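What follows is a single chain, given as structure tokens, in the form predicted on its own.
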């Protein structure tokens, strides 16, 4: 299919001034119709904080699109977000996805956790309703041959591989050599898949993964044991993958032990490039590196959205919430392009999109390959410097100079 190049910003601009004035028929929505999009995130439980932010990101996108006139090709039809709470459980996320589709959702966004997303993707496939994944890294989600799931962020393999390559490149740029690392990661599909991809790539680059330390995300209240275990092999770098609460504990444990290492380096860490992390961790955050997908700190459009988000909700718009906003934009662009709210036709339209001006820092438009993976998604490296998250590598996206070794 020949991809029609679309700009999300241009779509929104084009929508301004459009007056909803007619009604459609058949499977085509009209100005009299409201097109429902289902949102599945952890709105309660231990991940309710980030889940709530992501839901708010999706809501803001809906508001912006509606304020700009709705879906022009569907006579200005407006969008409505209906919420589902996964509670952090794969089974609950699955039942919530089913409920939202039964309520009339023509597409879904979600879900933050890989195991939850796997279940929701299977529901979407059976129902033939598009799922645009905002955050969920595991390769297995899109290795099932599904036709209705799409992912904007990089997958686990690319994050692990890129994480290894960026580590070697940053060391070389700093006249350092990294020989060994210890890797601390959360148990389960998320942590395991990123670790395996990193290990394979790193060992091909001459880095020995001397220690793998895992932990359960349940009732994890102190990382001292895990960090001490990781340090038994005297690694050059401690690599970390996990969610905010547990990675915060890892950073605090490293600070308390003051080991002789060159860096703490997160890959797909839910904490280390979160804007609240420097405040939460204090001195323990200083210098920590994080290879992750990230909102574009050099984009005026992203800056405008983040400013309005913070004014509306009183909280910083983290990258995960920006991805939820972007996921809704992808669905809106599919509705615009396909001129149909029929889920099957919407799926076909999304698969052929080329959406320019992405809100995340990667080169190229959002375009999905045959698996549904955004083929232009990539990671960049951030670093906590003077209490601020800075983009430091590669230099194309840098907002500050890299400091390496980091002083942990």
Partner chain sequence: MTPSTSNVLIHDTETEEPTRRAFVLSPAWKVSLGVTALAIAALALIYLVGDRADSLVTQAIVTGLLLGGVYALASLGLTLIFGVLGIVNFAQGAMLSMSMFIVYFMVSTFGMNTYLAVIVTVPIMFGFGWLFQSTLMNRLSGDSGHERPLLVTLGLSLLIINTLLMIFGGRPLSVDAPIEGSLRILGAIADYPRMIAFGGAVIVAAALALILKKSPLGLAIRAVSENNEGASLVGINVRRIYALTFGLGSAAVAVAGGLLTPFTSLIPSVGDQYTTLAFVIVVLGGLGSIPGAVIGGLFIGLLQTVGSLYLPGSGSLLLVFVVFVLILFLRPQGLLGAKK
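For clarity, a rigid core is taken as the largest C-alpha set superposing within 1.5 Å between two forms. Numbering follows the first chain given and starts at 1. No experiment lies behind these values; they were computed from the predicted model shown.
Omitted here: the form predicted in complex with the partner chain. The next part is about that form.
Contact with the partner chain in the predicted bound form, defined as a heavy atom within 4.5 Å, holds for exactly one of 205, 303, 256, 103, namely 256. This chain lacks the partner; the member of 224, 180, 165, 122 within 4.5 angstroms of the partner chain in the predicted bound form by a non-hydrogen atom is 224.
Among heavy atoms of residue 280, some come within 4.5 Å of the partner chain in the predicted bound form. Within 4.5 Å of any heavy atom of the partner chain in the predicted bound form lies no heavy atom of residue 89. Residue 146 falls outside the set of residues with a heavy atom inside 4.5 Å of the partner chain in the predicted bound form. Contact annotation for residue 249: at least one heavy atom lies within 4.5 Å of the partner chain in the predicted bound form. If you check the partner chain in the predicted bound form, you find no heavy atom from any of 67, 350 and 373 within 4.5 Å.
Residues placing heavy atoms within 4.5 Å of the partner chain in the predicted bound form fall in a single listed stretch, namely 44 to 52, out of 361 to 369, 44 to 52, 59 to 67, 376 to 384. Although the partner chain is not shown here, in the predicted bound form the stretch 310 to 326 places heavy atoms of just one residue, 318, within 4.5 Å of it. Superposition of the core reveals a Cα shift of less than 2 Å for residue 146 between this form and the one not shown. Once the rigid core is used as the reference frame, the Cα position of residue 297 differs between this form and the one not shown by less than 2 Å.
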